[in-house]
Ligand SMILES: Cc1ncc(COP(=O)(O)O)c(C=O)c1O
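Here we start with a single chain on its own, the form predicted alone, put down as structure tokens.
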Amino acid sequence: MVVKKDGLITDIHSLIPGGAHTYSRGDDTFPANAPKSLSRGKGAYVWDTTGRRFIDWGMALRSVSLGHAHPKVDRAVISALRSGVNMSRPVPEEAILARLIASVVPSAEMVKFGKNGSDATAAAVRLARSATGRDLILRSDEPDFLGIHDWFIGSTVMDRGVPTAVKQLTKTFKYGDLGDLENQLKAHPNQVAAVVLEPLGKFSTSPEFLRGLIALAHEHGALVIFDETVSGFRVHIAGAQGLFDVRPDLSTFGKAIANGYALSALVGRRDVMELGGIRHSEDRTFLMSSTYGSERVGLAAGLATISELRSGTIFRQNERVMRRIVEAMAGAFDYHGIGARLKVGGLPISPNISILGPDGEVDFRAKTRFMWLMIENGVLLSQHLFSVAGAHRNRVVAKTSVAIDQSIRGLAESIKRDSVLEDIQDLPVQPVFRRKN
């Protein structure tokens, strides 16, 4: 039975599989003391339904790039919805936003909008297959998530429900290893339609690797798809491809593009994108098509968000903030005698921070203990730990640094007593992609 208490449904799992509509928001990805429900957010803060306030470093799975309830974005949204949110023909904002994106992303010769990154990436895969007449996809082994569709899910450990024939159409290559990619391309001659990857590696990213990857793929007749759903409009106005001056054939954007509002974009070469249009005489290719692809709220949010990000000031500020956070983490780990347990890699503006066990592998028990203690100190982290937004200013960073020191002190004590699991009073947080619950 579902029981309501203080306005909350206490047995949400009886209504919603997994208890959340996104796996990364589920109970198994947060410590047991995490707020069960969040009622509102403003700037760098969120409040749960009991009124507790937290500094938010999750930022809605890294989709909030400026801060919660950003006034300029919300004003643009309110203005748009007063004119009607959905029309039977294109609205002016579609062309305006497409032109804006094309002006800041060099590879964006044409643009198609959607509502989530998964749909955009699946459409890119279909386009690549259409353009090349090939079926096989090579995707990087490193990204945590490239979409909800069978082409990707069938290549993960959570492949139940995906037809065997579909699973066989996606292979993996080792991120950062051009030799492995070349071996895969040679092992499947004239079969690979596209090489798909998140351009930012978790712990190492090299422009030389990305340039070499594009050259190799093209040499073997395959297209290159960058999934910039996470990196786009977060590390640079043109995403990782702008930061490293590389140009994929197709790219997908989402999350930070509209400060948390629902919007995604597939962009790319005109000759490939046009296959999904009506100005050609070839067989038609079904591209993204959604009743809500041109819904005005997301478009207005995208225009306002990109306009705010365009100067580059926020990217520079965010990099300074994350350098301070990493310094606070490293300093506290060293001071409390567990420096060897911390691993940091990736870009300074979007670092990947891991807490390791004695074996050098990620220790989910220690990560959970750290997240638990940060919550006790008024800071909410998500699986990625720290996702910076424009609202994370000096005062917020200073408070977070204090919480980091206090939390790592507690973590160090637990590690030294070898009582991390007992101290968190629950199962450790777990990765979304795993074979069993």
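One rule holds for the numbers: they count along the sequence shown, beginning at 1. All values reported here derive from a predicted model rather than from experimental measurement.
As for the form predicted in complex with the named molecule, it is not shown, yet the points below apply to it.
TODO: Please check if residue 259 has a heavy atom lying within 4.5 Å of any heavy atom of the named molecule in the model of the complex.
DONE: Residue-level check for residue 259: no, no contact with the named molecule.
TODO: Report yes if any heavy atom of residue 198 sits within 4.5 Å of a heavy atom of the named molecule in the model of the complex; otherwise report no.
DONE: Residue 198 belongs to the contact set for the named molecule.
Task: the named molecule contact at residue 229 in the model of the complex, heavy atom, 4.5 Å - done: Residue 229: yes, in contact with the named molecule in the model of the complex.
- [ ] Decide whether residue 296 counts as a contact residue for the named molecule in the model of the complex under a heavy atom distance cut-off of 4.5 Å.
- [x] Outside the cut-off, so no.
TODO: Answer yes or no: in the model of the complex, does the named molecule come within 4.5 Å of a heavy atom in every one of 176, 202 and 346?
DONE: Answer is no for this spot.
TODO: Could you tell me which one of 118, 132, 107, 350 places a heavy atom within 4.5 Å of the named molecule in the model of the complex?
DONE: That would be 118.
Open item on the list: Considering non-hydrogen atoms and a 4.5 Å limit, which listed residue (364, 244, 315, 145) is close to the named molecule in the model of the complex?
Closed with: Selected option: 145.
- [ ] Look at the stretches 78-86, 221-229, 205-213, 177-185 and give the one with heavy atoms within 4.5 Å of the named molecule in the model of the complex.
- [x] Selected range: 221-229.
Task: Stretch 241-255 - residues with a heavy atom within 4.5 Å of the named molecule in the model of the complex - done: Counting only heavy atoms within 4.5 Å of the named molecule in the model of the complex, the single contacting residue of 241-255 is 255.
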